[in-house]
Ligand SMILES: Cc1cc2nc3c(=O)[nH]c(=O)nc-3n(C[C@H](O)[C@H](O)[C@H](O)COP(=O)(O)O)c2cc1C
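First, one chain by itself in structure tokens, the form predicted alone.
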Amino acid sequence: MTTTIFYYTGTGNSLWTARRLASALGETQCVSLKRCTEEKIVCGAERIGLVFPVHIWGVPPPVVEFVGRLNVDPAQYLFALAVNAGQPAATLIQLQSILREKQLCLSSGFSIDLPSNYIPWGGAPASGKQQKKFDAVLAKLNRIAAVVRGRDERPPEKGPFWQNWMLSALYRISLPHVAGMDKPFFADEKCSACGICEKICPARNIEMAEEKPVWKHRCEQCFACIQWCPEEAIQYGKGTKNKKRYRHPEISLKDMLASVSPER
């Protein structure tokens, strides 16, 4: 029985999760949704998965847009994994509602707790703490693989009531402003004009001008630019200087560059 997993990733957590789940499932293809440029996304796999990070306590706009183009049979088994740092809120409930509008069913949905990449609130945790999270997720992915193989119907996982109410409200308030939330980004004196930030941005939101990156207000708040800068020259306001960067240790820059649009 075949499976296709569509993933969206900024610093590698979701790509790693998709790959590890694919390995546990077997006969599974992992596809970056940023490489899917067709007007309608047709997938003939018997099981279809979505793996993506929670952004501002909800479904990232690129995933919402992708689901809008997804053209599959209601009989196909749809599942999702929402990668977060301990606050999934009602993200998977939101995804369930989006799919229902297309007469599709989210058969199962799972919260995946991995290290945060939201550097304004803190740098990367120590490697030992990271590894504990990786180990816990690997064990959970084996359980998820059993559910998906069996095409079991499970209610989507969600956070506690306070998350579902308060954080979901913050998502709705913040969503219209996400594209312009790149205003605090800048490159400091360490910038070597290597252009990696421009290449790795999944939103094509960065352009190099006079050997410095310029953000074009199409931001998705994935933080790929700040986390993958080899010089740690990109900052977000005044609070990120000297904070330890985070990207998944098993994901390479080559992996990330391959996950963005083929037109880049």
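All values reported here derive from a predicted model rather than from experimental measurement. In this text, residue numbers run from 1 along the sequence as written.
Quick note: we don't show the form predicted together with the named molecule, though the next part is all about it.
At a distance of at most 4.5 angstroms from the named molecule in the predicted complex, none of the three residues A18, A22 and G49 contributes a non-hydrogen atom. Checking V72, L141, L99, A85 against the named molecule in the predicted complex, a heavy atom within 4.5 Å turns up for just one residue: A85. In the predicted complex, the named molecule sits beyond 4.5 Å of every heavy atom of W165. The closest non-hydrogen atom of P115 lies within 4.5 Å of the named molecule in the predicted complex.
The named molecule in the predicted complex is not approached by F6, whose heavy atoms all lie more than 4.5 angstroms from it. In the predicted complex, the named molecule sits within 4.5 Å of a heavy atom belonging to Q221.
Contact annotation: the named molecule lies within 4.5 Å of heavy atoms from the stretch 87-95 in the predicted complex, the single such stretch among 124-132, 102-110, 154-162, 87-95. In the predicted complex, the named molecule lies within 4.5 angstroms of at least one heavy atom of each of the following residues of 55-81: H55, I56, W57, in sequence order.
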